[in-house]
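For reference, the chain that follows is the form predicted alone, supplied as structure tokens.
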Amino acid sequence: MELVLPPKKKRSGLKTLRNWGIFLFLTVMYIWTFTGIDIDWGRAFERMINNFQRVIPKLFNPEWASIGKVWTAMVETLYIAFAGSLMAAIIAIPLGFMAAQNMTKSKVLTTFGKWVLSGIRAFPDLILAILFVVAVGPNPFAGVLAIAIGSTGMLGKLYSEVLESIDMNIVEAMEASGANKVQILFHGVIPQIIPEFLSYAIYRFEIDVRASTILGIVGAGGIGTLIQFAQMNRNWEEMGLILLVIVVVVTIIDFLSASIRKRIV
């Protein structure tokens, strides 16, 4: 028996016109953006070619004599990321509960909680690092605070979404059987949220390790300080070693983090 394919659906003219409109709009936006930037493209291209020939070969020739110094700075970076992530994972819990509609059952509190978390997320880590360097001085503690506050916004939002998705039938059954708030919290809510809370906290640590590598550029400690010194001294061999260490460590942490999260959830 011969199989007959169903006829192709005719494309409507309105849909085609809409797609062309989007394409033209994006094209105009790109042209407007590039023509609006005051760049000497010829000079920029020439400089890029010169730097490429001068810098790139040195980056691939790491200065192994500096491995001790670079490794010490990388370990400090990991400490900053870990301490900041841990602080954020703890601070985000009450904020997550406050922003979850089914936990507070108060529109005012939920809205306030969501605003607080949105306000925190509005600040990039680098801006927070500059503010804390001004507040507590140029040291790793400024980096820890920047990571902690920056991560709290994201974790608080994710925690609130986890809380809003829990099975409320369990909570309602416990309420009906006369359980108090503390019993409901420890036996009805926390067992449902622990795996995802841990998974998100580990995932955020993974992000914070990458974020911590650049905080030293503004004086907040870690391997970013070495990056700045290497760039100022045009020591591209040491820069190559720093980048190599960052890539290896971040890759290992990504792999371990994914493996642990897969087992938790």
Partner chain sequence: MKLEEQKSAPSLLPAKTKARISVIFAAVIGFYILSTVKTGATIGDLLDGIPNMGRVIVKFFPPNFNVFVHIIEPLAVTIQMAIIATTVAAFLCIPLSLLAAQNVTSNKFVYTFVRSFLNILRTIPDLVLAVIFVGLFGIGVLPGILALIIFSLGILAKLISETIESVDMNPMEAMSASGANTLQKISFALIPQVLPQFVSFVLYVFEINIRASVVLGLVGAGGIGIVLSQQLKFYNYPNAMLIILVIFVLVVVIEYISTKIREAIV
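Numbering follows the first chain given and starts at 1. The structure presented is a predicted model; accordingly, all values stated were derived computationally and were not measured. By rigid core we mean the largest C-alpha set that fits within 1.5 Å across both forms.
FYI, the form predicted together with the partner chain isn't displayed, but the following is about it.
message: Is the partner chain in the predicted complex close enough to L145, Q231 and V250 that every residue in that trio has a heavy atom within 4.5 angstroms of it?
response: Looking in the predicted complex, the three residues L145, Q231 and V250 all sit within 4.5 Å of the partner chain (heavy atoms).
- prompt: So which stretch, 105-113, 118-126, 159-167, 173-181, is the one near the partner chain in the predicted complex (non-hydrogen atoms, 4.5 Å)?
  reply: In short, 118-126.
query: F60 near the partner chain in the predicted complex, any heavy atom under 4.5 Å?
result: Heavy-atom contact with the partner chain at 4.5 Å: absent for F60.
task: Using the partner position in the predicted complex, report whether R263 sits within 4.5 Å of the partner chain, counting heavy atoms only.
output: It does: once the partner chain is placed as it appears in the predicted complex, R263 has a heavy atom within 4.5 Å of it.
message: If we define contact as a non-hydrogen atom of the residue within 4.5 angstroms of the partner, is W41 a contact of the partner chain in the predicted complex?
response: W41: yes, in contact with the partner chain in the predicted complex.
field: the partner chain contact at A73 in the predicted complex, heavy atom, 4.5 Å
entry: Judged by the heavy-atom cut-off of 4.5 Å, A73 is well away from the partner chain in the predicted complex.
message: With the partner left out here, which residues of 225-259 have a non-hydrogen atom within 4.5 Å of the partner chain in the predicted complex?
response: The stretch 225-259, when checked against the partner chain in the predicted complex, contributes I227, Q231, W236, M239, L243, I246, V247, V250, T251 at the 4.5 Å heavy-atom cut-off.
message: Aligned on the rigid core, do the two forms place the Cα of F25 2 Å or more apart, comparing between the shown form and the other one?
response: Yes, its C-alpha moves 2 Å or more.
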